[in-house]
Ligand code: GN1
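One chain follows as structure tokens, the form predicted alone.
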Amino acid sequence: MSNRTYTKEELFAAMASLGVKDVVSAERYGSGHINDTFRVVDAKGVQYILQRINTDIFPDPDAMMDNITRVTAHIRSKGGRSLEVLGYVRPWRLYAFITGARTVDLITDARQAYLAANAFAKFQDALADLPQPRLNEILPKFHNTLSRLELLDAAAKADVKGRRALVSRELDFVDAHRAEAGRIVEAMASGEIPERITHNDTKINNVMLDDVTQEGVAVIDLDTTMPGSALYDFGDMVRTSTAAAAEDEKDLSKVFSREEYFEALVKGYLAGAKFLNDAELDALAFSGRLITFTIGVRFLTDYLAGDTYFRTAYEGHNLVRCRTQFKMVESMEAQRGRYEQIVRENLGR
């Protein structure tokens, strides 16, 4: 989300370009960090979501909107609930407002973890038979750990801010984990793990929860929906949903992965993901460690490069984030046996 202030006239004009001319209010909405989002109401009381796409992050919004239109139409054709695109005039887009449901920014109990995992699993399952052609690859190599390591190595070599000497422990941690970094990428290249349609940002606040039942009713924020591995989606759920502390917690004694939440994720995901093959099932527990490691590598890369990608609030913010992710990896490694056992038990093995 940009810091730009939009006038009422600008927002009303954007709505008019999208076919809605009787607007009475438009206010900032939600907690997203990339696009500018507004809740708009017209004279009849109809609500809409208006967004200005951040073309710095998504330089080809036409390709992205093509993906979103195809994905949402396919889900609705199966009777599912999804975002409904009402209009798009670059860089503005308009969605129908989903009523009777809301999002939460933080998981507060294991049941929410179950519901979120189940919603994302059903999302992937619904798209397993999406007709060709292949979806556009919006952010190439987004979760490719080997590619992320190449970028880290380049940033460490360039050392444009003179910070490399401050992160020797973190770089040693990376080196100790390189051996398994390509496991999923290489399995996909060989065909052992198939390419799926994935969301790629599986945080709890990207699931609309029913106001009454709390069941997941729709997956939102589809900007990064594209070809990938189902394991990347599950792994990022493990990273975000099992964390006992914030992503930028400085006190690492508070940072660990919670077994109860991991078990809830496994149960919820397996209840909805009926399409997984044996290789994917075998790597479920591993995927959490891999994606958490990968995100840590991205934070470390940005720190070395001078904080050019992730928004920071203070000097060293990205380094704090990196250390938190690596501590989460250590926690998952310490619980590796138990986490793998949980997966086996839920598979009846």
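Numbers follow the displayed sequence, beginning with 1. Whichever C-alpha set is largest while still superposing within 1.5 Å between the two forms counts as the rigid core. From a predicted model like this one, the values you see are computed outputs, not experimental measurements.
The form predicted together with the ligand is left out here; the points below concern that form.
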- Query: Can we say Thr198, Glu263 and Phe286 each have a non-hydrogen atom within 4.5 Å of the ligand in the predicted bound form?
  - Reply: no
- Query: in the predicted bound form, which of 122-130, 167-175, 202-210, 188-196 comes within 4.5 Å of the ligand (heavy atoms)?
  - Reply: 202-210
- Query: Should Gln112 be counted as a contact of the ligand in the predicted bound form, where contact means heavy atoms within 4.5 Å?
  - Reply: no
- Residue contact check: Ile34 to the ligand in the predicted bound form, 4.5 Å heavy atom: yes
- Can any non-hydrogen atom of Arg70 be found within 4.5 angstroms of the ligand in the predicted bound form? no
- Can Arg298 be called a contact residue for the ligand in the predicted bound form at 4.5 Å between heavy atoms? yes
- Applying a 4.5 angstroms cut-off on non-hydrogen atoms, the residues of 98-121 near the ligand in the predicted bound form are none
- If you line up the core, does His199 shift 2 angstroms or more at its C-alpha between the shown form and the other one? no
- Kindly check if the Cα atom of Ile57 is displaced 2 angstroms or more between the shown form and the other one relative to the superposed rigid core. yes
- Core-aligned C-alpha movement of Arg93 between the shown form and the other one reaching 2 Å: yes
